[in-house]
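Given as structure tokens, the chain that follows is alone and in the form predicted alone.
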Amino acid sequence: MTVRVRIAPSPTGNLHIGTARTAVFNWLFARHHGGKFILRIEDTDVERSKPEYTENILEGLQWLGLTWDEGPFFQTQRLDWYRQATQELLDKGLAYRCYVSSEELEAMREAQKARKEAPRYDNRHRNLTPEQQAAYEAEGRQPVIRFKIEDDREITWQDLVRGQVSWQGADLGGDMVIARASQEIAIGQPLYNLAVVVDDIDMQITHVIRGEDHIANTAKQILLYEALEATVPTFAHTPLILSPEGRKLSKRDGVTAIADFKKMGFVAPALANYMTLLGWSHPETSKEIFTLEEAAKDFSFDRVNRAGAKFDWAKLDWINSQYLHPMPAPELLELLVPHWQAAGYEFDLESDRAWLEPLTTLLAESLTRLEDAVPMSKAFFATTVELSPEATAHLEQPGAKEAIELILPHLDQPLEATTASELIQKTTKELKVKKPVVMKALRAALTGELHGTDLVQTWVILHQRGLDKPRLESVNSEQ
């Protein structure tokens, strides 16, 4: 058997981290077994589905490296398949036309609520006579199509994550609507549960891997697989992603869309790596940094937890830093450019590459997210710098401005790391002050701050840009 799995997002919003994590698990399982990963866009919710959301989903999956083998398939292009399946169920007597009005449904729910019963459809139109149907149609009522669910039926499956799962038909809310009412055609727009089953049958899906919030749907869908005389796939219901407080992760918890993580400066391999760890652990339990391809070699549902996975920003930041620190300067530079441009920094990538790459190397070891490079590199792009209160105070310390005055005459010659270090050492000895006095004075004059990237490398790059001398002269002139 060739393993065939699918990710089936709905384009009613941007690609969410929960959907993306589900895509990761499907991709890992398919690659581990040499199978196929299929992309299906479930866009039957016409009113809420938007082309821009579809584009966001496709871009997000591609950015994460979750390449698909087949698709994308769109449900709105497959409506005839769903109508054929619905008609088959009607012909078998397993589905029927229901003419209950919205007012009648509301009254039914209110009565159930008053009796402290769980809301459910009471199947009142399951056995209408042809005469009763004709009477309702004469009133102008448009029927939905309902699939019969027997209350005494027990639905059981062996879940790859949760073991044996059982549901009673009586707990599924009564006969299920599988197609909306329509004035134009006999069978209206298909609903989720039917469309999903028809697609999975047609696409020969062998394993359905999705979040645990779909478990009730699974019970209903198994009944539909059986009614359509199809092989029921194997199911795996993964744990939900929770907020740090233990709630289901939602928009109120802040960033949840993949595009937002990208804007914040997380790189795709790091985010994919982190999502893999949201509910799964590597066989080498101490191993936490790995590519998707490496994870696929060891992926199995034996190591997927049942409990929800709490989202940990500190862990994501750490993983991201592990990808940024060793990254080659040319590659990292390309990733930093959009963040510098968004901050309004002016530069020409090609003509300025000679100092941009050393700057990138200088920043790399301190980066947690790409966006961190913006404040860290401000002094390298600005023509002048504004001294912080701490920098101003240090320059008033004995020996600070004297050190700058001694260094200034040497700035008309080339400056490298070795000569910069020697010059600092020479100035320290000549003034008979401690080395930090000279170094802090230089940093304050060059960057306007007392803390930052390695001073010598910072000075060398600013000298290459011709920015060190005017900044030191500006401070020296204030004596």
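In this text, residue numbers run from 1 along the sequence as written. Nothing here was measured: the structure is a model prediction, and the numbers come from that model.
Only in words, not in the display: the form predicted together with ligand GLU, which the text now covers.
Note on contacts: among Q457, N14, S10, Q464, the single residue with a heavy atom within 4.5 Å of ligand GLU in the model of the complex is S10. Screening H214, H282, R83, H125 for any heavy atom within 4.5 Å of ligand GLU in the model of the complex leaves a single hit, H214. For ligand GLU in the model of the complex, the listed stretch (305 to 313, 340 to 348, 191 to 199, 320 to 328) containing residues with heavy atoms inside 4.5 Å is 191 to 199. Although the partner is absent here, E449 sits far enough away that none of its heavy atoms falls within 4.5 Å of ligand GLU in the model of the complex.
In the model of the complex, R146 stays away from ligand GLU, with no heavy atom inside 4.5 Å. Ligand GLU is not shown here, but in the model of the complex it comes within 4.5 Å of a heavy atom of R210.
If you take 30 to 52 and check each residue for a heavy atom within 4.5 Å of ligand GLU in the model of the complex, you get just E42.
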